[in-house]
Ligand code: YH5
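Only one chain is included here, represented as structure tokens and corresponding to the form predicted alone.
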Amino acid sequence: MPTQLNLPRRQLDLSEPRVMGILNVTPDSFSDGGRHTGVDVAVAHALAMIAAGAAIIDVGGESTRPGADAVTVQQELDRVVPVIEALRARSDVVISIDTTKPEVMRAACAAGAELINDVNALRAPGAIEAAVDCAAAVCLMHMQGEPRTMQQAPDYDDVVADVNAFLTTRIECCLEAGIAGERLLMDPGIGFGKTLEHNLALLANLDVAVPPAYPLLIGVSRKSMFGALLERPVDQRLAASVAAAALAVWQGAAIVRAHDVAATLDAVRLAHAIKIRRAAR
């Protein structure tokens, strides 16, 4: 498993698992929509997550929850660019832009973002070219369908094999376009066009669900699968979220995307420490 990720002007050390703090500057995200929509409030929350141990802040200006309304390019730019500029002025943390739009990718990277986190795996016209021109690192995520309808009837022959095949194809497209493999992360897309059984199958087989030559990013924080499995509302899913994060790190996850940074960091550090000692026995 790679131990670093190449960014435009530096490298992110992945010899130990890292936590990516979620900063949604949206009115309608499923867990924290509307809480961090002002620039000052958003930056204050980002700084709090950094103080809690986040190595990456993932800024998103469009909700990807099922049924969410689409936003225009200009709406998304107005939400994310001022936050990224203000945060970059206050911190040298790695900033990620959570977007599918090439125009937003370019503007966010010009403002200080170094990682493109794309739930559409750079499939939008112009997205690969934007990533190449920005020299940003890229997280390729698997999603069946599109956010507004992805949970209506997800179906797979073999979800683990299908996710691996999709990501392998997207890696090939990126490499052919000139994006170096050392700049790529993989995300199996828990909850994106998947039933509870699909999600559980992926979480049980992360070592084969994603191509092993690339760092694995996992996002399970407060997911609806915990509501389906445990009958817990969004604000009561912390225990399940950190348990799933620890299990992901046990299987090799390098980055865990989370709302609750401090608790997640404790869980992944513990899982990593035990994993290291098990490997050394």
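Bear in mind the structure is a predicted one, so any value in this text is a computation, not a measurement. Each residue number is its position in the shown sequence, starting from 1.
One more form of this protein should be noted, the form predicted in complex with the ligand, which is absent from this view; the next part is about it.
- Residue contact check for Arg222: one or more of its heavy atoms lie within 4.5 Å of the ligand in the predicted complex.
- For the chain shown alone, Asn199 is not a contact residue for the ligand in the predicted complex, no non-hydrogen atom being within 4.5 angstroms.
- The closest heavy atom approach of Met141 to the ligand in the predicted complex falls within 4.5 Å.
- Looking at Val159, you'd find every heavy atom of it more than 4.5 angstroms from the ligand in the predicted complex.
- Although the ligand is omitted here, in the predicted complex none of Arg18, Met49 and Val93 has a heavy atom within 4.5 Å of it.
- Figure note: of the listed segments 40-48, 208-216, 63-71, 246-254, the one touching the ligand in the predicted complex, with heavy atoms no more than 4.5 Å away, is 63-71.
- Out of the listed residues Leu87, Ala130, Cys174, Ile190, Ile190 is the one that sits within 4.5 Å of the ligand in the predicted complex by at least one heavy atom.
- Of the candidates Val119, Leu184, Cys134, Leu167, Val119 is the one whose heavy atoms come within 4.5 Å of the ligand in the predicted complex; the others do not.
- Taking a 4.5 Å heavy atom cutoff to the ligand in the predicted complex, the contacting residues in 224-241 are Ser224, Val234, Arg237.
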